[in-house]
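Before any questions on binding or motion, here is one chain by itself as structure tokens, the form predicted on its own.
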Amino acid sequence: MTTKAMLQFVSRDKEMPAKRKAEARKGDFLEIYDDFNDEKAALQAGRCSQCGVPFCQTHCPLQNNIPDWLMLTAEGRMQEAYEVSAATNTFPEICGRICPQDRLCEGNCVIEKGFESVTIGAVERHITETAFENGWVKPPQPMSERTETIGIIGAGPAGLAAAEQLRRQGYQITVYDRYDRVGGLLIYGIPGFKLEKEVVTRREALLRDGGIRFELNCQIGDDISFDQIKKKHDAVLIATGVYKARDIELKGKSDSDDQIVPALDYLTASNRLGLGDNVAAHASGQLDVKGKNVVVIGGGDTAMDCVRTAIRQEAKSVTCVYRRDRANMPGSAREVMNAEEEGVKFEWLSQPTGLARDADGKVAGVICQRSRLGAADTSGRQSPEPIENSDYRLDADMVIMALGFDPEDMPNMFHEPRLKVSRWGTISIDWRTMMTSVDGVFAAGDIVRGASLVVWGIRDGRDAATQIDGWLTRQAADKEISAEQKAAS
């Protein structure tokens, strides 16, 4: 190993890729960070300490070999760096853009204390973009074809990761999805300023070139029954994600309030508009906040996507209300910083309690109550406690609920009562095999673990592919043995 290029964290400061100024980026939905050039990527990768126990790797859900591809990048061996990166990550160009590195790899970098972490995410993105530019990224190409077919329900990160892995093994793959485009939340949930859609469609083209079939605009239970899919395929993977919006009780709230909208409806409308769709044809087409006072309730990455989208839609004001403090916010600290730069106001330690209305009965504000952090709850986080007589009002013409997502009623939706679910409504699986209570039916991603990160969806999809391959291989071996025994008798 060449060490000359490494261990430069003492003499070289951390540097992020150039970021567009807030005033410029507020006017469009383009990504805000530039890509590193080869020199900058090599210099920043060279800050890696090549430590014996790489916490960056152990805290990555995919267990990416981060020190190895940092070293290869520092030495200018870019194709090798890509091959090492792609060996554990199906979509490194996506993770390099949207993973909360400050909570995962970079946040656990050994040199982070005192020297600031290596810019792992930006280097990961540069490696893959370099690979695309040079034609090193290829469609999945199996060494030989297998006759078994696999149906995958859901074209989001988990479903696509499983499809790519299984296609490499030679299986015949069909992916079913309710939407009209491939990508799930990558297309309709995440705004373009974090992930431009061409990045997703570019990967989709590779999957199609590799022989993966997609059945879009296909609602399981309506357009095709779950039973038909089971009969059509040798194995089935459910990777639908979770889309049912969580709600909150607010005094004076009515089901007819069209000024109170779920986060995903709002983001989907915005993303469809950016993709050139006629959003007026959709139920959520009216969700344009230009000139309005917007209040977003929630503190996760979805809330950050909403507030930053509202800024770009030229809202009059944008305020994020979160019941805990900044240090306990589940969203990425980097996203909070970007939102503040763009003009978003944060109301920390505030709990919405009700709505204020104007003379016409329309929502005109959100009533909030100040809170403080008390004893830790079962998750170990301090619980917010309301402060008496601390009510105040925020002007609001539009209230966006970004409180997370729950699973839909899968057994009823699929008309499959044998499909067992947990007390949270997620599909129950045997984590050793990733199989559900129905033989030959597997599940992965958010529909199993609950709303989580894209990188966890990729990890689960890859793990499910391994288990499906093993199960089908054993099934084929058992059939062959049975045939031989029958012939012998």
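Numbers follow the displayed sequence, beginning with 1. Just so it is clear, the structure is predicted and the values come from calculations on it, not from any experiment.
The following text describes the form predicted together with flavin-adenine dinucleotide (FAD), which does not appear among the structures shown.
When flavin-adenine dinucleotide (FAD) is considered in the model of the complex, L267 lines it closely, a heavy atom lying within 4.5 Å. For the chain shown alone, A245 is not a contact residue for flavin-adenine dinucleotide (FAD) in the model of the complex, no non-hydrogen atom being within 4.5 angstroms. Contact annotation for A162: none of its heavy atoms lies within 4.5 Å of flavin-adenine dinucleotide (FAD) in the model of the complex. Within 4.5 Å of any heavy atom of flavin-adenine dinucleotide (FAD) in the model of the complex lies no heavy atom of A310. Just one of Y82, F346, F193, F414 comes within 4.5 Å of flavin-adenine dinucleotide (FAD) in the model of the complex, counting any heavy atom, and that one is F414.
With the partner omitted from this view, the residue of C320, A239, I400, L166 that lies near flavin-adenine dinucleotide (FAD) in the model of the complex is A239 [heavy atom within 4.5 Å]. The stretch from 381-389, 153-161, 364-372, 133-141 that comes within 4.5 Å of flavin-adenine dinucleotide (FAD) in the model of the complex, counting heavy atoms only, is 153-161. Taking flavin-adenine dinucleotide (FAD) as it sits in the model of the complex, the stretch 293-313 comes within 4.5 angstroms of it through a non-hydrogen atom at D301, T302, D305.
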